[in-house]
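Below, in structure tokens: the form predicted on its own, a single chain.
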């Protein structure tokens, strides 16, 4: 799902809201979440999950093509941890729609 599909689904369920108002609301929510993460704050949405910032220290890496050592700077990345309700719904979905065996798919070609 992309943002425009999310906006469309919300607008369809909330007939009293215009699509433009839903789009503005979604953009404000995303901006607020981004601003919180950039300040190092944690976001928790009960039943959905939490997003926090993980800090990765600087390290020595290597270029796999040349083998040359490369210094990578420290960086921060967002980390999502799903909530229990989301995990349960995802697992239920998998039970209803199992993943096909890749061996069967390979034999088709």
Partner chain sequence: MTSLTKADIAEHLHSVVGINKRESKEIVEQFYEEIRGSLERGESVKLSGFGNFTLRDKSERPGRNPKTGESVAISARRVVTFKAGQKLKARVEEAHTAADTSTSEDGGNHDAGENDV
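Heads up, when I say rigid core I mean the largest set of C-alphas that superpose within 1.5 Å between the two forms. Numbering follows the first chain given and starts at 1. None of the values given here were measured: they were computed from a predicted structure.
Absent from the display: the form predicted together with its partner chain. The rest refers to it.
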Using a 4.5 angstroms cut-off on non-hydrogen atoms, would residue 30 count as touching its partner chain in the predicted complex?
yes
I'd like to know whether residue 68 contacts its partner chain in the predicted complex, with contact meaning heavy atoms within 4.5 angstroms.
no
Exercise: residue 75 in contact with its partner chain in the predicted complex, heavy atom 4.5 Å:
yes
State yes or no: in the predicted complex, is some non-hydrogen atom of residue 63 no more than 4.5 angstroms from a non-hydrogen atom of its partner chain?
no
Residues in 43-74 with any heavy atom within 4.5 Å of its partner chain in the predicted complex
43, 44, 45, 46, 47, 48, 51, 52, 53, 54, 55, 56, 57, 74
On a core-based superposition, does residue 59 travel 2 Å or more at its Cα between the shown form and the other one?
yes
